[in-house]
Ligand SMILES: C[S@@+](CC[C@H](N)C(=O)[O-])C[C@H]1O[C@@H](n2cnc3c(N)ncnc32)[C@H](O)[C@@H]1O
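This document opens with one chain alone, in structure tokens, the form predicted alone.
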Amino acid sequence: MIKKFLRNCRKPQGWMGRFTVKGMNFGHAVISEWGLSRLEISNDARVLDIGCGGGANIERLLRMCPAGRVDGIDYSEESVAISRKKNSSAIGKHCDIRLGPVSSLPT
């Protein structure tokens, strides 16, 4: 069971993956807010969240750059689904969240 949980921390899948992603959104909130508060991001910035997980940081970044664009990529279908749901009001306007490996990003 512990091995399955740890695998889900790397690439969330299934019901345990959904639970893991939502837990990460909650559990990482304080450190994420601290880290993002140290960045100087213009309100029209274009940001890419690589390994966007459950989309909590995308949501924070969208608030930081309301005239900009925040996109995300993750290789976990569960993460992408949760991230898209969490940021549904911005999808297609200021945000796109895609499924795929980082190695497929264009150069």
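It should be emphasised that the depicted structure is a prediction, and the values quoted were computed from it without experimental measurement. Residue numbers here begin at 1 and follow the sequence given.
Keep in mind that the form predicted in complex with this ligand is missing from the display, and what follows is about it.
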Discussion item. Even though the partner isn't displayed, in the predicted complex is residue 18 close enough to this ligand, meaning a heavy atom within 4.5 Å?
Written reply: no
Worksheet item: Counting only non-hydrogen atoms and a 4.5 angstroms cut-off, does residue 94 reach this ligand in the predicted complex?
Response: no
Worksheet item: Are any of the heavy atoms in residue 72 no more than 4.5 Å from a heavy atom of this ligand in the predicted complex?
Response: no
Discussion item. Can you work out whether residue 52 and this ligand are in contact in the predicted complex, taking contact to mean some heavy atom pair no more than 4.5 Å apart?
Written reply: yes
Worksheet, complete the sentence: Near this ligand in the predicted complex, with a heavy atom at 4.5 Å or closer, the residues from 77 to 100 are 79, 100
